[in-house]
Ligand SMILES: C[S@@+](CC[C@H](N)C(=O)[O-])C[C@H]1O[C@@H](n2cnc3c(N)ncnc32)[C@H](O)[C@@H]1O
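Coming up is one lone chain in structure tokens, specifically the form predicted alone.
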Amino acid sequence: MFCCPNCKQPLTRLEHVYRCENGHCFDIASGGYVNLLLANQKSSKNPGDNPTMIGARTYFLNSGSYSCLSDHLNHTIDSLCSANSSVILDAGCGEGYYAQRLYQQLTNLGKSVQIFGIDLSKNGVKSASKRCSSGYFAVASLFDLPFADNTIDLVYNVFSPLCPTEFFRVLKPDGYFVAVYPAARHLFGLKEVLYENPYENAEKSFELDGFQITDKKRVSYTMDLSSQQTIYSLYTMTPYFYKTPLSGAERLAKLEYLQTEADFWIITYEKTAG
């Protein structure tokens, strides 16, 4: 399913490499993933989330605090998958938490699926390949997906950058895109600790060129975080980690308990003709 980032021809998986008909080769790492990110696509030596961020996200997600979101996402995707084999792309797979739980859920229901995941972070893809060993993972850019046109049944994206034109290109004519966005009250309790004057997230129209919205679901619940490590892991995996005043970070470091909101929108899009 992967395509060569150099010539766009299909890649064939051999024992230790992916190879295209033009002789371009990409080694399969010991963890099972492949790096398809070309040098001219990198904005830095090691783009994407660093090991600290991947470690924090892994610890927090393993706590089960976002399992409710994952369950709702899985239910949404299950309702869109046919009984036949489906090809699903996790666009911005991170450490593989959502991919692994989705694969397990769909296979438990007797559905035949292929899960692909791509992310800019080599650290994330390495972790995802270990967590979801039945999936196929590659280091690649969301803005230049290593897939041929009209080959993916469903793309989903959780809090990662969006490239609707690429999602449109790789989706089949009757394909779907499912996106998770933060809603207005998401992590407001955390922001109350970090900032003197916290504000709600701005709501969006969610409209995307090339797609029509077929479903909107809001998932909201309260999280009780009962250890400093869980609290700090959540903080580290958010953009607030880089934007918080020192005084706010110091207040957070003293907490052993935090109650905060989890507030998400799950938006389903259908690819339009054209």
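In this text the structure is predicted, and so the values were computed from the model without any measurement. Position 1 is the first residue in the sequence shown; the rest follow in order.
Omitted here: the form predicted together with the ligand. The next part is about that form.
Residues within 4.5 angstroms of the ligand in the predicted complex, judged by any non-hydrogen atom, belong to 90-98 and to none of the other stretches in 146-154, 191-199, 105-113, 90-98. For the candidate spot formed by V178, P182 and A262, no residue has a non-hydrogen atom within 4.5 angstroms of the ligand in the predicted complex.
Interface residue remark: L187 is not counted as part of the site for the ligand in the predicted complex, having no heavy atom within 4.5 Å.
When the ligand is considered in the predicted complex, S160 lines it closely, a heavy atom lying within 4.5 Å. When contacts are judged by a 4.5 Å heavy atom cut-off, G248 does not count as touching the ligand in the predicted complex. The shortest heavy atom separation between A140 and the ligand in the predicted complex is within 4.5 Å.
Along 14-37, not one residue places a heavy atom within 4.5 Å of the ligand in the predicted complex.
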